[in-house]
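In the form predicted on its own, a lone chain appears below as structure tokens.
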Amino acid sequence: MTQPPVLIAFPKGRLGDELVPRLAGTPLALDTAALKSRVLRIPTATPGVAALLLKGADLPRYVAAGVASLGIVGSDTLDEMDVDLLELADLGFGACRLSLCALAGVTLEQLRARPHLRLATKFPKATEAWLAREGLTAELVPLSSSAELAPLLGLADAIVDLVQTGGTLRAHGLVETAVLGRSSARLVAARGAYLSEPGRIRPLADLLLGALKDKA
């Protein structure tokens, strides 16, 4: 009986843009023609292994449910979600900072002094943890994108967002006032598949790690 293909969940967006070129020429290279289409299930150079292209916030759920046996996702996303996954490795790419950012000229001390601090973010758990460590309280304004506009338009006093190069911040007149944490790409596995099918899933995880290490 033919086994169903093993699925690996790959991220779309920033991490995916870094990941796909790293896999080129390896046993897990993604099919070029399929990548140019709109399909989200992409064959790899290894028969019986396919990639699912998923948004970061959805990816851990596909892996936790066992739909995909392995996945690559940013640690910032993992920190915001309550999912049962095995984290196998820090892949060492996609590094960025989770930072508190405000309009140029506004200092951290000034933000601390606000009687009603408002922070726009799509990272509420990390933000709340930082506020607790700092002994601060704030109203969190949930945003899924374009957080840089919030201080400019008066929606919030500052934002908590991922920063890689800082170019987007500078374009909107923002600066980092504090670094809350750091994020990078992680290899995760579905607990059930990894533990029940070690002869199939673990070698694939090793293959993926080897492919990425060769392109580091």
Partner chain sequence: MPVRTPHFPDLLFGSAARLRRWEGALMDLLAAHGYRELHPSLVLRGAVPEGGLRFFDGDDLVALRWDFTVALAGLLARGFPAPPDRVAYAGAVFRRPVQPWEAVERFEVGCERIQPEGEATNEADVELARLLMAIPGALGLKSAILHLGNAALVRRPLEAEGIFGELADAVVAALSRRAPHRVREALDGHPSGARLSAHAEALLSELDGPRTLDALASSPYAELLAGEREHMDRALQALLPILPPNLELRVDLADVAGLGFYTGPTLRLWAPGAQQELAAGGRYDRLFPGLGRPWQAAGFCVRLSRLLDLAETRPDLFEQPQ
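Since the model is a prediction, treat every value here as computed from it, not as a measurement. Positions refer to the first chain, counted from 1.
One more form of this protein, predicted together with the partner chain, exists but is not displayed; see below.
Contact with the partner chain in the model of the complex, judged by any heavy atom within 4.5 Å, is made by just one of L53, A64, L30, V49: A64.
Of the residues A190, A156, V160, L174, just one reaches the partner chain in the model of the complex with a heavy atom at 4.5 Å or closer; this is A190. With the partner left out here, the partner chain still marks one of 96-104, 130-138, 82-90, 115-123 in the model of the complex; by a 4.5 Å heavy atom cut-off that stretch is 82-90. Among heavy atoms of R14, none comes within 4.5 Å of the partner chain in the model of the complex. The partner chain in the model of the complex comes within 4.5 Å of a heavy atom belonging to L195. Shown alone here, L111 lies farther than 4.5 Å from the partner chain in the model of the complex, counting heavy atoms only. The partner chain in the model of the complex is not approached by L143, whose heavy atoms all lie more than 4.5 angstroms from it. Contacts between 116-141 and the partner chain, taken as any heavy atom within 4.5 Å in the model of the complex, involve no residue at all.
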